[in-house]
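Below, in structure tokens: the form predicted alone, a single chain.
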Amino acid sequence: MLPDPTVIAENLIDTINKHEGKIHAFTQYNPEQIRRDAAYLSAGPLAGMSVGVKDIVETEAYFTEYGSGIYKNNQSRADAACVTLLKQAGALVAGKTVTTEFAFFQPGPTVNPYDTTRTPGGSSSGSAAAVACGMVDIGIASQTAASLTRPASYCGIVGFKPSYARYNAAGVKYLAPSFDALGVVTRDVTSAIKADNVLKGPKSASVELPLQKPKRIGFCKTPWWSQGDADMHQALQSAADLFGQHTSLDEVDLADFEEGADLHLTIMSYEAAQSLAWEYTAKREQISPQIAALIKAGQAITRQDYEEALAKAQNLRQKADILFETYDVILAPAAPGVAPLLEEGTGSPLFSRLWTLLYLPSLTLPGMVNKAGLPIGVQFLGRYGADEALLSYGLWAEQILPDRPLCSG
């Protein structure tokens, strides 16, 4: 049964008004638009749930500015495919959420709800912060390197980055098409499952996945373990110890995958130089030094080097698939540590570059915190294409990990 649309709209507006002045998660939201949209809500599988739309995703009712002054007041004529599917399923759009510039590194105004002196992560900063303090139920996010996983970890929420190309990208401005993937951030795994059942479309579904215990977990510290801090080391080891009390868990050495992070950066830089060619050529004075440096790096890469990197990446994907003949899921770091201070930037994507290169579905799970109570997520990786299985394992892991403190914003 569809909840009262008026109640849904007013509760959403009240919650945003309570937190937004402090968190700055939205580029735009309009109470009157929310009320108008609520009047047409359908009784679908997401009925009564609210959605924040990352500002690289087109919306008819709100400007789409990509985190850049170049596109100020840029009006799309239609909703992106993902927005349409969510609305058809009964979800209520709350507004547009802040992204870093072109979903790269230059941050927007959003702060971390657990500590407003710290970053929420990038690039899905607004979506993650809005979910973390309860402004929305679902945040549309995206990932080119770690743009979903890292904010989920820093903001103490669930982040689901599906297998590459699981969701349709029509109406989304991508940076590196070889990697860019839409995903969602939520406060629990069940909500991520509900969103996935809609976004994998084109016809929305309501399917309950069973809680499933993995028979064997591979604990992967990754080749970059030394670049994480003591808080992250403790959080991952504690999570491994908890999971190991309930199922088989072995440490996995991926030393022969170490070049994956560099391959990812090469491919991403080359493709970003193409994707942002107009902005760099026609509006260079309006782009950040970070974007300019990325494009210059991409322009210096030859086509031959790019194609060689693509071939090596494909070889690594074939090797990764063999891992899942032994392990149901891989447990790995989601970020180097807790959220950095705002002046230090949005954090390093290092601990997700490899997994994004491999196209694997990723589920960031909250529950671990440092001594100060700041969130540190852990990451479950599944076999390419086995998204439902990963989410089922996530339901199990969610019960094993500690209850996390709720964020009041």
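One rule holds for the numbers: they count along the sequence shown, beginning at 1. These numbers were taken from a predicted model, which means no experiment stands behind them.
The form predicted together with a further copy of the same chain exists for this protein as well; it is not shown, and the discussion that follows is about that form.
- Residue-level contacts in the model of the complex: of Thr326, Thr117, Gln227, Gln299, one residue has a heavy atom within 4.5 Å of a further copy of the same chain, and it is Gln299.
- In terms of contact with a further copy of the same chain in the model of the complex, the residue from Tyr270, Phe243, Phe104, Phe179 that brings a heavy atom within 4.5 Å is Tyr270.
- In the model of the complex, a further copy of the same chain sits beyond 4.5 Å of every heavy atom of Pro109.
- Although the partner is absent here, Asp79 sits close enough that one of its heavy atoms falls within 4.5 Å of a further copy of the same chain in the model of the complex.
- a further copy of the same chain in the model of the complex is not approached by Gly90, whose heavy atoms all lie more than 4.5 angstroms from it.
- Contact check for Gly201: a heavy atom falls within 4.5 Å of a further copy of the same chain in the model of the complex.
- Contact check at 4.5 Å (heavy atoms) against a further copy of the same chain in the model of the complex: none of Val51, His233 and Glu343 pass.
- Just one listed stretch, out of 169-177, 233-241, 208-216, 94-102, contacts a further copy of the same chain in the model of the complex at the 4.5 Å heavy atom level, and that stretch is 169-177.
- Annotation for 53-74: interface residues with a further copy of the same chain in the model of the complex are Glu60, Ile70, Tyr71, Lys72, Asn73, Asn74 [heavy atom within 4.5 Å].
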